[in-house]
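Quick setup: one chain, the form predicted alone, written in C-alpha cells, and binding and motion questions come after.
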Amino acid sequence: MIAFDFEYYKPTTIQEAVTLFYDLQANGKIPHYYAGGTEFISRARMHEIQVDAVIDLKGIPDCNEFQFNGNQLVIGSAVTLTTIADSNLFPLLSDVSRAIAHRTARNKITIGGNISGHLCYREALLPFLLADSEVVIAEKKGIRTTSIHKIYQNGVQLNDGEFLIQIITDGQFSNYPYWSSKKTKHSNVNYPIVSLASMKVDGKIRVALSGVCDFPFRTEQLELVLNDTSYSEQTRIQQVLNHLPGATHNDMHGSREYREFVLAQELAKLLQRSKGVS
C-alpha cells in the first residue's frame, strides 16, 4: 500500500510532459516521471519516496517506438524488458534483459526505468555502453541528443525535470560476436554479484560491468589491459582488478572480496571465449 495520495497525469506529447512537470513544480508540488512504475511503487511502499504527482510517459508515442529506422535501432524509454527480450533485434541487449528479474516483473519494467532508476545495477545499460549508443533527452528547452557516455558517468547525470525519450544504436552492433553472464548469490532473479556484457569489435574485446562498483561502467583503460596480449591472462585480470573505476561494492549480497573473486572468474571465461573470435 502507498501511504500518500498523488495526482496522476498521462500526457500524449513530450512538450506536454515537460510543461506539466515545471507547472507542478511552480505550484509547489513534487512531480515524478513514471513509466513501468515498479520502482516507484516499491520505493513509495517503503517510504523512500513521496511525491505529489506522477507523470506517466507511456502515452507518448516517441517513448514507445521500437524499430529500425534505416540502420539505426530506436528504442523508446517506455518499451518493456519483455518486449526487448522477445524481439532479439539487439541480441546482446535481449540476453541481458532476459536475465533481469522474472518475466512478470519484466512485463512492467521499462528500458528507461531500468537504466535511469534508483538502483545501482542498471544492467540493461551495459549493451548501450558497448555500442556507444546515443540518448534522446527531453529537457526544459526542448530535445537534445547526446552520447550515452555523457549521461551515465559514474551514475545517472540527468538533470531535474529531464527524462529519457529514446536510445539510438547503430545497427552494426547487433551483428558483432557477444557474450553476457550474470552471477548472483542465490537465484537468477537476485541482484547481480557481477553482471558482464562483452562484444568483440574489430578484433578487440569491449566489456561493461554491473554489480562490481556502485555504478555500471565501461572504461577504456580496462579494455586496453584486457586486449594487451603481451601479458598473461592472469596478469591482465589482476590489472583489471587493480584499476576498477570505483570502490568494489560491498553489501549483504556479496562482500568486496567475493565480488572481485567472481569478477576474476568471469574475466577468465571471457578471455578464453574470445580466443579465435573475430
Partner chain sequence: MKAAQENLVTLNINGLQKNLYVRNAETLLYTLRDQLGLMGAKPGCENGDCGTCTILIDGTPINSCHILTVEAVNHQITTIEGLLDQTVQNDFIKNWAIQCGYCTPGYVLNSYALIENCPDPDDAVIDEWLESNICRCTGYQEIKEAVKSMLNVRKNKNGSYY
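Positions refer to the first chain, counted from 1. In this text, all values refer to a predicted model and were calculated from it rather than measured experimentally.
Omitted here: the form predicted in complex with its partner chain. The next part is about that form.
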Counting only non-hydrogen atoms, the one stretch of 214-222, 62-70, 227-235, 37-45 within 4.5 angstroms of its partner chain in the predicted bound form is 37-45
Worksheet item: Is N88 close enough to its partner chain in the predicted bound form to count, meaning some heavy atom within 4.5 Å?
Response: no
Though only this chain appears here, would K58 touch its partner chain in the predicted bound form if you measure heavy atom gaps against 4.5 Å? yes
Looking at the partner-bound form in the predicted bound form, is Y9 within 4.5 Å of its partner chain by any heavy atom?
-> yes
Checklist line | Interface membership of E257, its partner chain in the predicted bound form, 4.5 Å heavy atom rule | finding: no
In this chain shown alone, the residue from R122, K183, K200, K108 with a heavy atom within 4.5 Å of its partner chain in the predicted bound form is K108
The listed residue (R144, R103, H118, K204) that reaches within 4.5 Å of its partner chain in the predicted bound form by any heavy atom is R103
Of the residues spanning 207-232, the ones with some heavy atom within 4.5 Å of its partner chain in the predicted bound form are none
